[in-house]
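Read the single chain below, which is given as structure tokens and is the form predicted alone.
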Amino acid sequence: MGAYIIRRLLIGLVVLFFVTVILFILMNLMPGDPITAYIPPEVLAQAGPEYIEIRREQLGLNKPVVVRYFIWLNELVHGNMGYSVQNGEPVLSRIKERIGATFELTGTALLLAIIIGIPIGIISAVKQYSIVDSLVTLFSFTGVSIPVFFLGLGLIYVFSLRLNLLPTGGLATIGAPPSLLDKLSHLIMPAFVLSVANLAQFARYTRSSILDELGQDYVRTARAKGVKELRVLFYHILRNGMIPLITVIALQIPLLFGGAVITEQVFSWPGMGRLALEAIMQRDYPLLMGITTVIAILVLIANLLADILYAVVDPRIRYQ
């Protein structure tokens, strides 16, 4: 297992290199100029094109793309992701300020999706073709289909504006002493909105996996031996059915970060998703490059953890 992990880490570094190359090229193909994006129009009109070229030279934007990429890669190897074009702050510092809030949101959303989606998927499979199964199927298709921004705005209207039960957004109440209850009240709606689509996906895949296993010979053998139904379900069926579900959960992690961009904007959540949107609007390419690189690293780590969990769940899987 140790040799396999080391090999996967080395492959992950190669994948990360090509991912950063593609991201860097795509960002430099984006329309607009970061210099003209943050200089006020009146200053830009008086300064003229010479001033823009001077600023581009100061920031190194006049160099070829290949040269700029390797400069950036050298800084990354030394633990630096460059500096924001807008305010000159280190990109890594700005990401550190926001990444904690994003982990709180995406982690809570993933936890909600797992602890709710998997049990209702199991119930739906065991109660196949019942009213419960139909309701779970209807909920799954609805959860996958409903837009994140629409659900978020709807919850804000109902629970914040009409019922006045939850805050409209933010990480905490401004001016109020920090407390767990205040934190949870701000977290409930954005975490639920971000979890709905994943919850529906987990329920559907759990139902499908359990149904595939219910008809297997080992299940009939266990029942014929008099093994209790709950033990058959949770010890035999669920363990074998978890393999495809682990893959689905790992693949949903990048979608969580993608959905966080919209969710954080709707609920004014100060995380990396909202920071990425600000970087796009301001054409702050170094900051956007840093954010996407961090997300790519997290996705690679999630895939590695999924491979390790395969061997934990199923003893028949061994990595040589």
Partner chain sequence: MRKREDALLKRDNLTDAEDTSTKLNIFKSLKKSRTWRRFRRHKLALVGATFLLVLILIAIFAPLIAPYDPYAIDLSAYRNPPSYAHWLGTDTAGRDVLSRLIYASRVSLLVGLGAVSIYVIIGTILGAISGYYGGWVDHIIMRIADAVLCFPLFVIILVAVTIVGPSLYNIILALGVLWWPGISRIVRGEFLSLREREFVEAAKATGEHSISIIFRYILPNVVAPIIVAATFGMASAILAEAGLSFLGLGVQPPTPSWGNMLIDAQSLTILKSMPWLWIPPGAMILITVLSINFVGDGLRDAFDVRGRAE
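Source: prediction; values computed, not measured. Positions refer to the first chain, counted from 1. Take the two forms, superpose them, and find the largest set of C-alpha atoms that agree within 1.5 Å; that set is the rigid core.
Below, we refer to the form predicted together with its partner chain, which is not included among the displayed structures.
- Can you work out whether its partner chain is within 4.5 angstroms of a heavy atom in all three of 30, 204 and 265 in the model of the complex? Yes, all three are in contact.
- Message: Although the partner isn't part of this model, could you tell me whether residue 104 comes within 4.5 Å of its partner chain in the model of the complex, counting any heavy atom of the residue?
- Response: Contact with its partner chain, no.
- Message: With a cut-off of 4.5 Å between heavy atoms, is residue 309 one of the residues that contacts its partner chain in the model of the complex?
- Response: Judged by the heavy-atom cut-off of 4.5 Å, residue 309 is well away from its partner chain in the model of the complex.
- Task: Classify residue 195 as contacting or not contacting its partner chain in the model of the complex by the rule of any non-hydrogen atom within 4.5 angstroms, answering yes or no.
- Result: Because no heavy atom of residue 195 falls inside 4.5 Å of its partner chain in the model of the complex, the answer is no.
- Does the 4.5 Å heavy atom contact test between residue 61 and its partner chain in the model of the complex come out positive? It does not: once its partner chain is placed as it appears in the model of the complex, residue 61 has no heavy atom within 4.5 Å of it.
- Item | Neighbours of its partner chain in the model of the complex among 231-245 [non-hydrogen atom within 4.5 angstroms] | If the 4.5 Å heavy-atom criterion is applied to its partner chain in the model of the complex, 231-245 yields 240, 243, 244.
- Classify residue 308 as shifted (yes) or not shifted (no) between this form and the one not shown, where shifted means its C-alpha moves by 2 Å or more with the rigid core superposed. Shift at residue 308: below 2 Å after core fit.
- With both forms fit on the core, is the shift of the CA atom of residue 202 between this form and the one not shown 2 Å or larger? Stays below the 2 Å threshold, so no.
- Return yes or no for residue 23: a CA shift of at least 2 Å between this form and the one not shown, with the rigid core superposed? Yes, its C-alpha moves 2 Å or more.
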